[in-house]
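The chain below stands alone and is given as structure tokens, in the form predicted alone.
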Amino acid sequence: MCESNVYLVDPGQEDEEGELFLEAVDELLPEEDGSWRVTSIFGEQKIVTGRIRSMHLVDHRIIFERSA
């Protein structure tokens, strides 16, 4: 499977351990207001407001930094 888990970190947080936001994410879509629609392979959708800090696709991790 090629899906990833999305994690949230706080602004200025050094480590990228983060808080699990959504598992088995298949799709990230930018919204007009600057947020992101995140959809899992199970059809669950959530909206995250922040920026993508990093993506580790081999490790199946997408790290978002929350908006300040």
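Numbers follow the displayed sequence, beginning with 1. Since the structure is predicted, the reported quantities are computational estimates derived from the model, not experimental observations.
The following text describes the form predicted together with a further copy of the same chain, which does not appear among the structures shown.
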Subject >> Any non-hydrogen atom of residue 20 within 4.5 angstroms of a further copy of the same chain in the predicted bound form >> reply: no
Subject >> residue 30 within 4.5 Å of a further copy of the same chain in the predicted bound form, heavy atoms >> reply: yes
Subject >> Contact flag, residue 45 vs a further copy of the same chain in the predicted bound form, heavy atom cut 4.5 Å >> reply: no
**OP:** Indicate whether a further copy of the same chain has at least one heavy atom within 4.5 Å of a heavy atom of residue 9 in the predicted bound form.
**Re:** no
**OP:** Note that a further copy of the same chain is not shown here; using its position in the predicted bound form, name the residues of 19 to 51 with a heavy atom within 4.5 Å of it, in sequence order.
**Re:** 25, 26, 27, 28, 29, 30, 36, 41, 51
